[in-house]
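Take a look at this single chain in structure tokens; it is the form predicted alone.
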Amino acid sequence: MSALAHLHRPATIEEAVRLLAAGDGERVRLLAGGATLVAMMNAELVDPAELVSLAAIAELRGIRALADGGLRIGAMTRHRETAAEARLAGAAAVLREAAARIANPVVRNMGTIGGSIAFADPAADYPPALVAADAAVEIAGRRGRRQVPAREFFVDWFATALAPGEMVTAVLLAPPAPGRGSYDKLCRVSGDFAIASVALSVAWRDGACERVGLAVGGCGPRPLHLDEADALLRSGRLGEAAARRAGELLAAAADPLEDVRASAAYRRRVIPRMVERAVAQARAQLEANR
């Protein structure tokens, strides 16, 4: 932490928003778990004059059921809590599996879901899982609160739908449905950011697919999702041909970078294989439940 940074400890979301709105861009930063922000400060990539700690805001902590049976995951919920949440079952298990693959136990004990998605690293684990699960992100600002579908929240490289003076307050999920949610990532070493990742959420009823959500991470500026791929898998009953075509469509639409982890060509090459594997596992479970 910068020796010059002044630390605020608001007790409510409204107070945190006022402090954030009163600041001047990069000079005021929200401090959630600190897994990313503190590392950036130590590397002198950012040097905020004021920090707004969210640790004392009770509304931001924990996972609770909503009136309709859905789930609200507060922005300050730690990765380890999300990874251990039994209510994230069936099609919603994609989010639990993604949380369990984040970095290492130290980071999972410290990092929060709100801080992670607000930073919006394209290679992070939560973004594709949230898109696959058709989640929504709750945002608070000076004009009140609003909800943004995860598919619209991530907009570009490290950029989100957050407007100046706004903050993430929660992730909202529909009532968990019977089905399968899975998350897999390819990385050079355990705990590293993804070279490529695949998040799949399949809800079924009476042996038939009701909803399919498929998203790829690490292969473009935001999670890669195509309605056409989802429709193919749903109408094709998770069949091999549908999985192969869905993987080809996603690979063609990918816009990956070349970096120290992998080339752009390699990332495109592995997408179909990872998609086919995820779909095959879901198909096997669906057939076993018939």
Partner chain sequence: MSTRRPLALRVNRAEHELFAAPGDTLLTALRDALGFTGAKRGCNQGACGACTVLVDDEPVRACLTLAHECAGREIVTIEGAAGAAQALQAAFEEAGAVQCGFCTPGMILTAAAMLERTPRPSADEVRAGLSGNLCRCSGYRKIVDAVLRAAETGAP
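Numbering follows the first chain given and starts at 1. Small disclaimer: the values here were computed from a predicted structure and weren't measured.
There is another form of the same protein, the form predicted together with the partner chain; it is not shown, and what comes next is about it.
Taken together, the three residues L226, G239 and R244 lack any non-hydrogen atom within 4.5 angstroms of the partner chain in the predicted bound form. Residues placing heavy atoms within 4.5 Å of the partner chain in the predicted bound form fall in a single listed stretch, namely 40 to 48, out of 231 to 239, 40 to 48, 62 to 70, 245 to 253.
Put simply, L7 is close to the partner chain in the predicted bound form: some heavy atom of it is within 4.5 Å. Put simply, A58 is far from the partner chain in the predicted bound form: not one heavy atom of it is within 4.5 Å. In the predicted bound form, Q147 stays away from the partner chain, with no heavy atom inside 4.5 Å. Contact check for A163: every heavy atom lies farther than 4.5 Å from the partner chain in the predicted bound form. Scanning M110, A177, C209, A83 against the partner chain in the predicted bound form with a 4.5 Å heavy atom cut-off leaves one residue, M110. Along 114 to 135, a non-hydrogen atom within 4.5 Å of the partner chain in the predicted bound form is carried by no residue at all.
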